[in-house]
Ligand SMILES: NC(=O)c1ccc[n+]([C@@H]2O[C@H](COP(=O)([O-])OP(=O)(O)OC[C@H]3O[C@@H](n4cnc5c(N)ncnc54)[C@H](OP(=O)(O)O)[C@@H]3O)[C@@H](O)[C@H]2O)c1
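This document opens with one chain alone, in C-alpha cells, the form predicted on its own.
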C-alpha cells in the first residue's frame, strides 16, 4: 500500500510517499481502506517534535516512534478480526487514532480497534466525515466535560475559525448557549454562518478589555495572559485551554480550582480522551444538521507536503482534508 513516511523530525519536506506492507487485522481489529483523512495540529507537533520533550518518549529521540502520521480517518471496512462484533466488511466508518497506539492514517489502509470507530454519518462525504473526529471531539469535551456548558450561558470561543473553533461554535449552539465568536476580519461571515450570536474581530477589538463578561471561555491556542481571560469571566465562570504555548498551559494548570481571590473562577487544560460514545454523539449531531464540517481545501495523499505547508502557514478556515482514493 502507499503511505506517507516520516523518517526523521523536521519540516514537511522530510515526508516521503512510499510503498509499505499492507497491515493485517488482529482478533479485535478491523482493516480499513482509508478514503480520507484530515490534518490537525497534533501532526505538526509530532513532525517537528514540538514541544521538545516529545523526544523523551521511548523510541522517539531522533525520529517519531510511529513513522506514519495522521489521526483522523473515514473509510470502508475491508476485513475484520475474529472477535469483532460491531462492524462487517463494506461498512463505512470514521474515527481517530490516539497517538499512543502507534498507528497513522496518512496511508491507504490501517488496522484499528473497533472501539475507536463508529459508522460514518450517511449524509456526509468521506472528506467531511474525516474532518470531524479529533477536532470536534476536542470542542465537545472542552465545552461539556471541562466547561460544564449549560443552556442560556454566555460562551465565548476564541479562535472560532479554525478546525476546533468552527465545531465549538456549532456545538455550543447545539447546547443552547449564547455564543460569541472571536476571529479575524476575513472569517467574520464564516462565524456568522455557523450560528454565532455575536462576533468580535480581534484585529480591532480586545474581548478581554471591552467590559463584557462570559460564563465560559474556550480558548483554542490562546495567546492572552491568563489574568486577561479571568478578567473577561463572570464570577464562577470557567476558562478552558485547548492548546497554546507551554506558558499558557502552565498558567492555566496552576489555577484549576476556583477560590475567593478569583471569584470562584476555574481554569482547565483540556486533555482529550478518545471516546466511542462521543464519536457517536458527534455522528448524531452531524446527521441532525447541528454540526457541519468546514473544509478549507482538499489535497491528494501525494501532495501531503503541500497540504501541511498550507496548514502551517495559511491558518485555514476549518479543516484541511486529505483524499486517498
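Numbering follows the first chain given and starts at 1. Fair warning: this is a prediction, and the values are worked out from it, not measured in the lab.
The next section is about a form of this same protein that is not shown, the form predicted together with the ligand.
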Among 159, 237, 104, 95, just one has a heavy atom within 4.5 Å of the ligand in the predicted complex, namely 159
Please identify the residue among 41, 268, 265, 274 with any heavy atom within 4.5 Å of the ligand in the predicted complex. 41
Options 106-114, 75-83, 120-128, 163-171; stretch whose heavy atom lies within 4.5 Å of the ligand in the predicted complex: 163-171
Consider residue 221 of the chain shown here, and say whether it contacts the ligand in the predicted complex, taking contact as heavy atoms within 4.5 Å. yes
With the partner left out of view, is residue 87 within 4.5 angstroms of the ligand in the predicted complex by any non-hydrogen atom? no
Does the 4.5 Å heavy atom contact test between residue 191 and the ligand in the predicted complex come out positive? no
Does at least one non-hydrogen atom of residue 184 fall within 4.5 angstroms of the ligand in the predicted complex? yes
For the spot marked by 134, 138 and 243, is every residue within 4.5 Å of the ligand in the predicted complex through some heavy atom? yes
